[in-house]
Structure formats: structure tokens, C-alpha cells
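One chain is shown next in C-alpha cells, namely the form predicted alone.
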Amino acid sequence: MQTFHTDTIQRPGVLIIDDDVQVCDILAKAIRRMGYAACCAVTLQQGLEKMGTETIDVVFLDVNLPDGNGLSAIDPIQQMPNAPEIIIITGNEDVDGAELAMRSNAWDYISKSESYKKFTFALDRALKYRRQKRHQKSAVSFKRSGIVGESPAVLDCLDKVAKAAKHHFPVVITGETGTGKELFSRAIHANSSRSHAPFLVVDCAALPEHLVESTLFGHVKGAFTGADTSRTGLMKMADKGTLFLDEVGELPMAVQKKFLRAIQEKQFRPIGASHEVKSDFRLICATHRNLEDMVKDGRFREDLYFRLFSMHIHLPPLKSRSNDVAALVHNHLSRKYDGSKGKGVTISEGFLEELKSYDWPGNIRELINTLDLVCSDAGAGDTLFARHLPAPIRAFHVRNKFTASSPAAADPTPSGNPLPFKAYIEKMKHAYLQDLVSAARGDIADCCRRSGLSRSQIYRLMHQYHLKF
């Protein structure tokens, strides 16, 4: 086994994982000539072990390896402390594999038939990016503002929050209900140069349509029936600070044009006013809707859509970051009982496992509400068991256990009306994929483990049969 020498330990470390020894030797020699340290592994297992003992900055990762598909190792590698940048290398040009690698935040996807310069260029760029990322993290004291979690998806979102905080352009935060869109918005504000100024929230879904314009822009006395006094709009009140528009997809079409101009010009006219007012506000929007589809349907202005999407942060659902559940639970319970005279609750292993395996359609908000309900039911000083969980969650687990232990889906063809063989097979594949995703609760890694298929194969099949996770 190759290891790094002590005289090269300070240099960037590069690991090549490829079962072709000749490829390993050629790449390793080229990397050392560039002044970097290099080592090789011929299996995924060897590569993962080296990453646990060596200082690795960049990994050249082959796709087809004796003990697995390299693409399936991207997530485990990225979950490692100080995870290296990943450059996928392959002898077979696979569009689906390349797309999957990019979606998984790999640095690059290179065919082995590419020129030597392609490899050295990608390596140099990856190392430059890594140095820049380290410098940014060490130079800035980042305030999480209550955001809990260390999963790769959350850390990626936090990186985007840090980048957004350095600028003043609009940001759109998307994600399912309860994923913490306002919390991430507050983190952008808290880490920005505007943190000393107001952070104002407008819930577009909660405002009656006839009040949206006056709430945002303000109005003068007598501008309309009921306007007994003048009112300053929230856009003016957010001057030098941040305006957070929750559920921006609910903004009425009649207001969107005027709002677009206000964003662009930083000035607007309150209702009934004879002059315009200026306001240097920073805009952050959030929505659980698909604004792109709304644009296609004519329910959201295209020009406003493109103006808002200067930067986009998509928050992952809780079911895709189950490793963060324990931290979220402990954080909430410690805050709930902090400073109280009574004792906090104790969490049983079974209780925590049930929480981790639930799909949480209401995401973090549902988790917090569930914990509050359970604690009020159990009482201070007690131990929380799975028995304390609400009936719907316990029913979910019972159903899931029966589903996992039951045979494959029933024959999809009606008795006495057999389909042609090819159509029958296609129906069986469709039914299998539905059962697979359901049993794995949408976890792609678990889908791969249960089915024996690679990530690229699963994504291709899901697309082919028009299914979603």
C-alpha cells in the first residue's frame, strides 16, 4: 500500500481510485510532477480506508470498480470530515452518469480518452477552489442563527447562505413547508452588512389581496376607503435592511409589475402619493411552489421570476437528512428545558430510531411540534419511548414493517386478460420501482442497497417510468 512520505505531507494530497494499475501509475506520476502528493487504490474499499488515514484534497474516482460503482461512493465521501473534491473518471461515456455526478456536487466528470491537459486543468482548478473555500471559512465567523445539522445537503445550503450574505442581490429560497426557509433567510441577514438594520417579514399567503399593495408600498391618508391615516409601507421600513417575502408565489399579478420596478429602481410610489420614495432594501423570497410552472401557466410574471432568481437556495426535506434528526431533537429539548427547575426528559434508543425512520411530511416544523406534544404527555424527568409517539407516526412504522416483509407487488395484470409479454414486464418494472422507493422512503442510497442497482441506473429508470422520489 502506498502512503504519503513525511516530506510531502504539507503538499495537497491526491488519491486515484481505479482498478487499472496502468492508469493509476500514469496519473500518479503526472500529479507528482505537478508538485502534489499522490497515492492509489484499486478498489472502493481501499480508497475509503485511505481517505480515513491520509490527508486527501482531491479524489480521481473511477466509475466501474471491482467492489461497486464509483458514483455510489460520492455521498459517503462527501459526508467525511474535510471531504475532498471528487473528479469522476470513466472509460465509458455515460450522459446519465455525468449528470448524476454533477447533481451530487462532484467537481468534474472526465472521460479517460481525454487529453492529459484536461486532467491537470481539472486538478488545478479543484485545488484552487479548495484553497479559496478554506480561506473563506477561516476568514469569516459565520452565525448559524439556530440552523442545526451537519449533513452534506445542509452544509451545502450554509455555503450558499455565506455567499449570499456577501452580496445584496435578491435570493429565492425554496423547499417544502416546514424546512426552515425563514430561518435560513434570517441567517443571510445576520451574516450580512445589513445585520444592524431591520429584518421584516411579509407573509403573502396570509394577506388579503386588497391589502398587499398598501402593506408593501404604504399609502397616504384618504387614498382609499378606510385609509384614515397615512401608513409607511414595509419596503420603506426595510430601508438599509432586509425584506423577507414568504410565499412570494401568492403575490397578486396586479402588484407584481409595480413590485418589479421597485426592486430594480429602489424607489416606488405609495398609494395615493404624489411623489416617489426611495428605499435601499435587500430582498429575500421564499416559496414552496414551483414558480417556473406558474410562469408557464401565466400566474407569475416571467420578468419578475428572472429578477428574483439572482441566487437560488433549495432546502432539503427532513426525510433526506435523517442523520440530522438526533441533533435537531437534542437541540430542541435542551432549549426547551434550559433554565427550568425540573429535569429534562431522557430519550430511549427506540424512540430516536422511530423518529429517524419517519418520513416527516411536515419536516422540521412537524418534528418540533411532535416533540412538544410528546414531552407534555410524558412529563419532565421521564424517559421517552416509541409508545409516546402520536398514533399516525406509530401507524406509519407498523405499515412500513408489514410492507417491507411482504412479497413483491401483486400481479399487475387482471385475471383472464393477460397483456403481451413485453407490456407485462414493463408493468412489473413500474410496480417494482414504486415499491422500492416506498420501502426506502425516497432515500436513493437505500434504493441502491435494496435493489443492487447503481444510482445512474435508478435515476434513468425513474425518468423512463415517469416516477419521482
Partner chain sequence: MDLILFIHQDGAHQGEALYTKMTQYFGVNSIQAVHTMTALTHILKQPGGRDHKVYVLLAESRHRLQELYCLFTLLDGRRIVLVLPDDTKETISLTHQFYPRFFTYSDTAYDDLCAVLYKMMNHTQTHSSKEGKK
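Residue numbers count along the first chain shown, from 1. Treat the numbers as computed from the prediction; the structure is a model and nothing was measured.
What follows is about the form predicted in complex with its partner chain, which we do not show.
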item: Among 170-178, 69-77, 272-280, 254-262, the region lying within 4.5 Å of its partner chain in the predicted bound form by heavy atom distance; value: 170-178
item: In the predicted bound form, residue 392 touching its partner chain (heavy atom, 4.5 Å); value: no
item: Its partner chain contact at residue 108 in the predicted bound form, heavy atom, 4.5 Å; value: no
item: Heavy atom of residue 268 within 4.5 Å of its partner chain in the predicted bound form; value: no
item: 4.5 Å heavy atom contact, residue 246 and its partner chain in the predicted bound form; value: yes
item: The single option of 211, 398, 326, 220 touching its partner chain in the predicted bound form, heavy atom within 4.5 Å; value: 211
item: Candidate from 296, 134, 356, 365 lying within 4.5 Å of its partner chain in the predicted bound form - any heavy atom; value: 365
item: Sequence-ordered list of residues in 168-201 near its partner chain in the predicted bound form, where near means a heavy atom within 4.5 Å; value: 176, 177, 182, 186, 198, 199, 200, 201
